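Before any questions on binding or motion, here is one chain by itself as structure tokens, the form predicted on its own.
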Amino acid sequence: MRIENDIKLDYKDVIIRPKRSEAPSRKNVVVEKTYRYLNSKSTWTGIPVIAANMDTTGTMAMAKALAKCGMMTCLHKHYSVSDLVNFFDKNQNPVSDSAFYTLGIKDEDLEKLITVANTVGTIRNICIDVANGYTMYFVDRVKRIRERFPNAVIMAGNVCTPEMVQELVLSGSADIVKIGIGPGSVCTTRVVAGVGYPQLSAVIECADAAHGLRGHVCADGGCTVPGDIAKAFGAGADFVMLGGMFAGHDECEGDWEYRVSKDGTLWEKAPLFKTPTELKADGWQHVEKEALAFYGMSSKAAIDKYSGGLKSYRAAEGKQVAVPYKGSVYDEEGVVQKIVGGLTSACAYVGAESLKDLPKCTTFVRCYRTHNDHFGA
């Protein structure tokens, strides 16, 4: 046993210090970035924000919506072969270029990927997603997928320390390493297992390791407000993955709670597990979304749904919450506008003319309270 005494920080522990500059107005800040990937040798240009591969947020509807905004989506790994073939066949355009096919490390996951790829011709982006990226089996599986798909952009994770970032990049396997153990809003790994790493420090240290090898990192989890995304990019993240911030929008899938009214004035909570069609058949003329059941992919809800329940050797490492309905990601003052607006404002405050320049213009100030939350965050 040993103890590391160096201070490690989360997003809530710091704030970005403003700086005097001659940078232009925030409306002139460029938030798009262009990346050239080390191992696939391909390039991508866009706003490097990614919807997480959770079954509520990593949806085909989300992929289509965010592609129009220049952002990306990791599709969840529970779509059927026919659904995936149909999606990639019909979207041989910026949508497929901005969507990651996600898989785990079981043999059947790889077989499914090969089947889809052989049918549609090619898969440009692949995300290999596991809760624990520290096993040699995971490293070997990433290598195997790279050998089978040499030209694909491969994102692999999750890890949270530099040595595993170096392992995944130096092996010639990963173009992007996904960073984060336990920071997510519906992840309980740090509570259940006592394992993790403060996310801001993880991003800083892992980005430094990756960039020295011309690799890239994706900060996955821990962002609860747009300012956290700016902090992640300021810390050196190349991409930022979001789950909870995209949850609750029209583009999500899953179990919705509804409110109903007969006259449009007096509303009440609808019975659970009934669809809008069924509710209207029951005589409710007005049916509106109220909240989405949002859960971690290692929660009991997800394990019951996809793995036949908990086994004796494991515990659930996620929770389920109800996320209020937020409208479309496109809505005025919606999540996309808040993210882009927050990034342009952060850049303007520190004199960065583009998102690419933000890390070299960022100075973090340690603090115990980043904002006044008297009336909420």
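Model, not experiment: these values are computed from the prediction. All residue numbers refer to positions in the sequence shown, first residue = 1.
Below, we turn to the form predicted together with ligand 5GP, even though it does not appear here.
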query: Heavy atom of residue 100 within 4.5 Å of ligand 5GP in the predicted bound form; finding: no
query: Partner proximity in the predicted bound form: residue 105 to ligand 5GP, non-hydrogen atom cutoff 4.5 Å; finding: no
query: Heavy atom of residue 241 within 4.5 Å of ligand 5GP in the predicted bound form; finding: yes
query: Partner proximity in the predicted bound form: residue 73 to ligand 5GP, non-hydrogen atom cutoff 4.5 Å; finding: no
query: Contact assignment for ligand 5GP in the predicted bound form, among 189, 201, 173, 96, heavy atom within 4.5 Å; finding: 189
query: Single option in 347, 52, 62, 339 placed near ligand 5GP in the predicted bound form, where near means a heavy atom within 4.5 Å; finding: 52
query: Answer range among 295-303, 273-281, 161-169, 143-151 for contact with ligand 5GP, defined in the predicted bound form as heavy atoms within 4.5 Å; finding: 295-303
query: Interface residues of 313-329 toward ligand 5GP, as seen in the predicted bound form [heavy atoms, 4.5 Å]; finding: 317, 318
